[in-house]
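For reference, the chain that follows is the form predicted on its own, supplied as structure tokens.
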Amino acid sequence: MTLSRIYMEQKKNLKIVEKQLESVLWAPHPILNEASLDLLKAGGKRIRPLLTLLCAQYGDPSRKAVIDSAVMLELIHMASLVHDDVVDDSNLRRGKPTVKAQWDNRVAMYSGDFIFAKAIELISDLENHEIHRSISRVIRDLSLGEIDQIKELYNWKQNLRVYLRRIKRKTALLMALSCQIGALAAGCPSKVGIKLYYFGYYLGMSYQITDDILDFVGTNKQLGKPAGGDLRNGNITLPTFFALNKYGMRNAIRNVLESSSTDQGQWDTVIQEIRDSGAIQDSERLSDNYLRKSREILDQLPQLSTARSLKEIADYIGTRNY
């Protein structure tokens, strides 16, 4: 089964999710309305709603709470992107101007807050307290992840543990939640939800590491933003960490970070040297290790067709180039 086949099998449900996203994001204020809907129209893989829909197949996927949860999780993701673009000072997202670029940081922050609020409002009627507790913890940790990133900008002395904690909070926990909530919304026992939570966690760690690799090796067209942007913005990701600590690039990287250089040639040279070192390959190995753990979790669950689909998503994350 290919990833496109999985999307086709869930096409009907994903269309419902898309229509509900558009309906939920409507706002009475013209700026909020335009900012939110522009973000929606920018598209995306909708990987989190897809995970929610697939994990719901371990229970009763026809429950209304499943679609509502899928929409809610994509809204949380969208809101976090708006805030993330402010932190990163990013003007492009998926090849289109960000909310902060079209308006300013204040509009972007309030737009993100509005989308967060709509997400919470959507599932306020759910009676499962475990779902509400899980959502609250993840939103809290998303905020901590953003603060971690701000705190560690340009800090070339940070260690691997700091980086892994940051991507756990910024990315992996929301994917973990997408899988767990899909199961719980479909009426699965908590123990099934917990196993799927850890599947999503390991998947999310690999997903973010792959993003960080692609930031160095991807093209502008593939990424929808300039390559090497993380390092240029002072964000130390896994390839840079390995280049700093394993491949003798500490002085070169420290110099560009501490000098706040605007010489693009100097930046390009350092980024190319990171590409040419073994840092990319080391990062890929760690990503593959997380994917292996995610597959091991699935082997502990009933081998339904959805398990094969989830493994196919793990395979895609391990080989994607955009």
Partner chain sequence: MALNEELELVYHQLRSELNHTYVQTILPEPTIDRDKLAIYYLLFRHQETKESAAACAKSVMVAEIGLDTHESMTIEKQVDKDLIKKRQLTVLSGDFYSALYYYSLARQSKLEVVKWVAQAIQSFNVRKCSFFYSTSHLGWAEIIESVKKIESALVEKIACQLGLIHAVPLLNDFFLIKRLIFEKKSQAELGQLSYFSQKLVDGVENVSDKLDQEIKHKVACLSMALDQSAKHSGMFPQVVNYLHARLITLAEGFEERTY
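We call the rigid core whatever largest set of C-alpha positions still superposes within 1.5 Å between the two forms. Residue numbers count along the first chain shown, from 1. As the structure is a prediction and not an experimental result, all values here were calculated from the model.
Keep in mind the form predicted in complex with its partner chain is missing from the figure; the text below concerns it.
Participant: Using a 4.5 Å heavy atom cut-off, indicate which stretch of 115-123, 155-163, 202-210, 239-247 touches its partner chain in the model of the complex.
Facilitator: Comparing against its partner chain in the model of the complex, the contact stretch is 115-123.
Participant: Which one, 231, 186, 167, 135, lies within 4.5 Å of its partner chain in the model of the complex by heavy atoms?
Facilitator: Result of the distance check: 135.
Participant: Does any part of residue 280 reach within 4.5 Å of its partner chain in the model of the complex? Heavy atoms only, please.
Facilitator: Contact with its partner chain, no.
Participant: Consider residue 28 of the chain shown here, and say whether it contacts its partner chain in the model of the complex, taking contact as heavy atoms within 4.5 Å.
Facilitator: Although its partner chain is absent here, residue 28 would touch it in the model of the complex, with heavy atoms inside 4.5 Å.
Participant: Should residue 32 be counted as a contact of its partner chain in the model of the complex, where contact means heavy atoms within 4.5 Å?
Facilitator: Yes, residue 32 is a contact residue.
Participant: Quick one: does residue 198 come within 4.5 Å of its partner chain in the model of the complex, counting heavy atoms only?
Facilitator: Residue 198: no, not in contact with its partner chain in the model of the complex.
Participant: Residue by residue through 67-87, which ones have a non-hydrogen atom no more than 4.5 angstroms from its partner chain in the model of the complex?
Facilitator: Read in sequence order, the residues that approach its partner chain (within 4.5 Å, in the model of the complex) are 83, 86, 87.
Participant: Does the C-alpha of residue 32 move 2 Å or more between the shown form and the other one once the rigid core is lined up?
Facilitator: Residue 32 C-alpha, core-superposed: shift of 2 Å or more.
Participant: For a quick test of reading the superposition: does residue 162 move by 2 Å or more at the CA between the shown form and the other one, rigid core aligned?
Facilitator: After core superposition, the C-alpha of residue 162 moves less than 2 Å between the shown form and the other one.
Participant: Could you check whether the CA atom of residue 102 moves 2 Å or more between the shown form and the other one, using the rigid core for the fit?
Facilitator: Moves: yes, 2 Å or greater.
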